[in-house]
Every structure is written in C-alpha cells, then in structure tokens.
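As a starting point, one isolated chain is supplied in structure tokens, in the form predicted on its own.
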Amino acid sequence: MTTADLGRGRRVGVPSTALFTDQYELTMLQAALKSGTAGRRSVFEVFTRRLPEGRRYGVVAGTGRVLDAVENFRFDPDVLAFLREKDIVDGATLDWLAGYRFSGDIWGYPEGEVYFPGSPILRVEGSFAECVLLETVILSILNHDSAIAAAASRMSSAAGGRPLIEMGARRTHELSAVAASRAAYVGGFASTSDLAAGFRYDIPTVGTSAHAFTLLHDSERDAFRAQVDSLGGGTTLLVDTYDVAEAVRTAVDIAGPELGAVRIDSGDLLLVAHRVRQQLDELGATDTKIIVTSDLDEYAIASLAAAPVDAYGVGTQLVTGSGHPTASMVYKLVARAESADPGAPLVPVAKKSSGGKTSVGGRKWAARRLDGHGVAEAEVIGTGEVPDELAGRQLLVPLVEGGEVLVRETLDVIRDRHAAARAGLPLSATQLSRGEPVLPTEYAHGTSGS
C-alpha cells in the first residue's frame, strides 16, 4: 500500500487503483503487446461533446484525485493473482503489468477552471500500453467530480454570497460522498457535514442535531436545554419538529439572544423564514442566524434570495449533480506514432461515425480569447502552433512529467481559481434559465470541430 496526498498536508493510505478499470483495456493491451503496437507513442484527450442540457459552462474537478489515482496505479501480487485466476490476460501480459508505472506526461486544465464542449480538459501522453489502461479511472473521477462541482457552482452563484453547507452523504455511496464533498468545496460550498471529507481534505465540518434528538427527549424544551448545555448558546437549534413559533420562543428563552442559529427543514421556507426572522428580532435575538434545508437545489436557493436566510444546507440535489450526475466526458486517442520507434512522428487519428460521436484528431492546445473589457468571449482550440495573440491565454498546464506528479494544490487555491474563472465569464453564465454554453467553441489552424 502506498500513500497519496489527499488534502492540505493530510496523508491517507490508499490501495492500488489498478482494477478501477474495464476488462477491455487489459485485453487491448494483450493484443497490442502481441502485435507490436503497444509501445507506439500515443496521445489521449479527455473532453465532452456537449454540456448537460441548459448548462452554460462546466467545471473541472477531480484533477487532484486523478493524479493520486495515476500515482497509485500498480498491479500488486494480489491483483495479479486475481487476473491470473480469472484468466483475463495471458502470462506475458501479466509479466508486463507487474512492472507497470506510468512514465508519460499529463497536461490539463487547472482544477477549478471552467470548460466548454470540445475543451481538451486532460491530455495523457506516453506509450499506447501505459495510457490506455488509465481510461476508466480517469473518466470515473472527472465525470463524477465535475458534475458535482458544476451543480455546486450554480448553487453558490444562486446563493449570492450566503454560505452553503454540503450535507448529502446519506444520499449517495459512502466513498462518492467524500468525493462529492471535495467537489462541492471546489464549486463554492463553505463546509460539509461529512467527517471523512473533513479528515481527508481538511474541509470545514459542521453539524449539531437532527429531529431524532428532539424526539428522544420528553419535551422540546428538554432537548434544547440538553443541546445548549452541551454545545453552548452559539449552537444551531432545529425548530420545526413540532410548532416552529413555539420552538423559536423556547430556543431564545433557553439560549438567550446570543443563540447562534435556528434551522428550518420543512414547510414553505420563504414564508417561514420571514416569520422566524420577525419573531427572533422581536425577542431580541437580532444576531441569531437562520439556516434552511429541505431538498434544496439552485432554483429553490434562487427563489429564497429575498428571504432573510443566512445559510443553506444542500444534500440530495447536490450529490446527484442536480439532475445531471455525469459530465459525459470521454477519453479518446487523438494521435499516435507511425511506429514504435521513439522518434516516429505523430499522426492525427479520430473516430468517424454518425450519431454525434465523431471526434477531432490531433494533439490540441486550448486558449480563451477575451474581449476588449477582459471578459471571455470564446474557447479557441487548435493543433499546431498557437497564434501569438493567444499565446498568453493558454489553458493547459503540465501536471505530470516523466511519470512524476508536478502539481499538488490545496483546495482553497482550487476553489479561488474557480471563483475567478466564473467571474471572468459573461454575466449570462450564471443565469439559471436554460440556454447554450456561454462561450462558443472555435477551432483554429484548420482543426475542424464536430
């Protein structure tokens, strides 16, 4: 077992990621080794042909986890024994896998950056053999995390600066929940209820009590008294178990006007929030905050913009991508050498088919063109030389060189990058109404889009 840097200085042991793959990647490897093509230098790119319906931009998230996965992609004895027992590949392939270490290069959009259809979000270069094996693990991470981050970004924009709490762990797979917390933080959330996410990624954690705690006690007053005695007057009391107005009176009576916050988890949140705010102010608890939860999404959050709400807790809709649980990214071979000779030139390759599944061949660069006001106006993608006017606006950065990871960033750096990238888009990017991507994708140097 090796270790990977999974947060801001936190190192957590992780097992081999080698079986986070599809069988056909290993059978392709076996056939390529036999045919003599496995060593051909190859270029794979990750991109999406379209954004989810109605979305104006995508968010790159999960890159740090991809780098950890590549670093830990090792075929240890137990994994090799499984492959041998199941007769998945032959002995020569198993011998090759035993020494597998990715030794190529990876370039990509910095994590937290925005992307558009056709954007070469990640570029993986090396031999065909070592690159093809990484397809599934890279896509599983980027597709999940980018979908969650995009939903989080829309929600944080709708929140208008009010903090958001990620609280969806019970609505998804336990490991997906940790990744979702990370992606949500990248997209603009302020904290999480998931302690595993807090441990791994040093995301601020929050949480006080659920309805079960109130129901445990003989009265709501007893429950509030127990919580305040344990956690102090600055705690958050859940006030909708029985009667909200009576609960608010009891909460202030017990905690005093220094009560930290009340949480509302049901009912007409807009109406109830206004009534609770008025009641708190009348009771002298003018600094007590109001937190709302209850199946919120970006539209519900936007509808509460005029409500006296101080923070939102979001669960199900966030961890399921608010209706779009995947970013639909693909991993395609776009160039390969004419032979296994290290000096053989690269030739563009691309799938040609009907049904919208064509792709664009060639090793690509990407740049974002700005208008006269410094606002992004187009995503420009091309092959060959980068035009001088775009040289300073290139988006891909080196992430891995010769198999060595070059970039380890804190989540705060990534989160700030996303906020800056979103702020650099046209204002219509944050509209929740359905529309096309806010930036058009343009192809340069004879590169044709599809």
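This is a predicted model, so every value here is computed, not measured. All residue numbers refer to positions in the sequence shown, first residue = 1.
A second form of this protein, the form predicted together with a further copy of the same chain, is not displayed here; the remarks below concern that form.
- At a distance of at most 4.5 angstroms from a further copy of the same chain in the predicted bound form, all three residues 20, 44 and 333 contribute at least one non-hydrogen atom.
- Proximity to a further copy of the same chain in the predicted bound form, defined as a heavy atom within 4.5 Å, singles out one entry of 328, 72, 279, 250, which is 328.
- None of 411, 28, 386, 419 but one reaches within 4.5 angstroms of a further copy of the same chain in the predicted bound form through a heavy atom, and that residue is 28.
- Only one of 258-266, 281-289, 298-306, 371-379 places residue heavy atoms within 4.5 angstroms of a further copy of the same chain in the predicted bound form, namely 258-266.
- Remark: residue 157 does not count among the residues lining a further copy of the same chain in the predicted bound form, judged by a heavy atom distance of 4.5 Å or less.
- Contact check for residue 101: every heavy atom lies farther than 4.5 Å from a further copy of the same chain in the predicted bound form.
- Taking the partner from elsewhere, residue 233 is found to have every heavy atom lying beyond 4.5 Å of a further copy of the same chain in the predicted bound form.
- Looking at residue 415, you'd find every heavy atom of it more than 4.5 angstroms from a further copy of the same chain in the predicted bound form.
- Of all the residues from 213-236, those having a non-hydrogen atom no more than 4.5 Å from a further copy of the same chain in the predicted bound form are 213, 215, 216, 217, 218, 226, 227, 229, 230, 231.
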